[in-house]
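Below, in structure tokens: the form predicted alone, a single chain.
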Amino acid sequence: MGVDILPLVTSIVTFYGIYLILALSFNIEYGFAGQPNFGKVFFYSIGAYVAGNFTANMLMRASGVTGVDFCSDLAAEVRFKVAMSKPWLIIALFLLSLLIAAAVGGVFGYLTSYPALRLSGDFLAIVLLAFGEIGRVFARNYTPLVCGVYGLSGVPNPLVWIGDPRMARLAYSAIVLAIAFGMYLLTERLVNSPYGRLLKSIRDDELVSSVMGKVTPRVKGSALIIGSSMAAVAGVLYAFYVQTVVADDFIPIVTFVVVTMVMLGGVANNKGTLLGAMVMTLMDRLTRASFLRILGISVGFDISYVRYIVTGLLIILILMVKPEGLISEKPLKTPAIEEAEKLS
């Protein structure tokens, strides 16, 4: 009897797309702007919360069913039935979730940019890390958001109406990958523009940039806004893939996995981010208990802790052995520089 590897393939592809968006957003903030956003998981969770709450509420309203507990299994079943019968509605909710989450993520990025205007280095990292934990604890205890500790189920795959769950997962994986590479192209254009040069100038010497007339706090804040919007989009894609939203999925280790991707591939290098995200996604997916069971391997402990240890060791090894990452940072290619190279 053959082994069905399609779930594994779709899982790797989907999470690669999600992690790539997160890594690109962190690279803008830290690699190019020098802002160590260790609260990345907070903005990631915002996208998931927005997608889950908004989609679930709209589907319940469209169903016309009343008097059912929003967090119950029955409510989840009702939402799936509505999504199956009204393809246009679930697709519209998916697209709207992406837009709303990007906007909400940007707003929270703006609000949290205030510490960025006053703090730097380790202090900023600690403050943003605290935001991540505050957000998780709030969502865990505020039931109306995503049903508290139990989580919100019944967030249908936007392609659930296809009928065949395998084809729906495969098609959704392709959509996530397309969105991720669209984000990659946009990020490349952004960082290779004069704005990207401005970010790097502030990262390398904020005082000199200020003397040259640049409003450095505003620029650093804008990098956090952009990165936060991107992370929220990744959160939406995650929520629709796993079809549940649980606050305890958004723990600090998610941030440090993303940090490792950027450091491994090469800071301020989007091509390196592609590579780093691939390596860490494979490590994350292929060390899951579900994958090991496919190989007939059974472990008597939670292998997640081994993955956490490996992630920490990777960060230490990268800093000690190859701090520039697998692909070193390259000079930016803005139009002005390209024209000068042609003339020289």
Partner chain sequence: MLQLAAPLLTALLLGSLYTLMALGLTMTYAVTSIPNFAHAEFVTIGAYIMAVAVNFGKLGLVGGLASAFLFAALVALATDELVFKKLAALGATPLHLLTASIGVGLVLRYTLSIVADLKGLLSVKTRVVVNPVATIGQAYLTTLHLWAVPTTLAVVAVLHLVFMKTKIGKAMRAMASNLDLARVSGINTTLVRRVTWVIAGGLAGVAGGFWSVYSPINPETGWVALLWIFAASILGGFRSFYGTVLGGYVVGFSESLGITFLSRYLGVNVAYKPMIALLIIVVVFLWKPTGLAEVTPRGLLESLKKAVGR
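Residue numbers count along the first chain shown, from 1. The structure presented is a predicted model; accordingly, all values stated were derived computationally and were not measured.
Unshown form predicted together with the partner chain; subsequent notes refer to it.
Contact with the partner chain in the predicted complex, defined as a heavy atom within 4.5 Å, holds for exactly one of L98, M84, I91, I253, namely I253. Residue-level contacts in the predicted complex: of A174, L145, I126, I162, one residue has a heavy atom within 4.5 Å of the partner chain, and it is I126. Taking the partner from the other structure, the partner chain in the predicted complex has a heavy atom within 4.5 Å of a heavy atom of F131. Shown alone here, V78 lies farther than 4.5 Å from the partner chain in the predicted complex, counting heavy atoms only.
Among heavy atoms of M263, some come within 4.5 Å of the partner chain in the predicted complex.
Although the partner is absent from this view, F26 contacts the partner chain in the predicted complex, with a non-hydrogen atom inside 4.5 angstroms. In summary, the region of this chain contacting the partner chain in the predicted complex, judged by heavy atoms within 4.5 Å and restricted to 101 to 109, 270 to 278, 229 to 237, 254 to 262, corresponds to 254 to 262. Heavy atoms closer than or equal to 4.5 Å to the partner chain in the predicted complex belong, across 134 to 158, to the residues I134, V137, F138, N141, Y142, ordered by sequence position.
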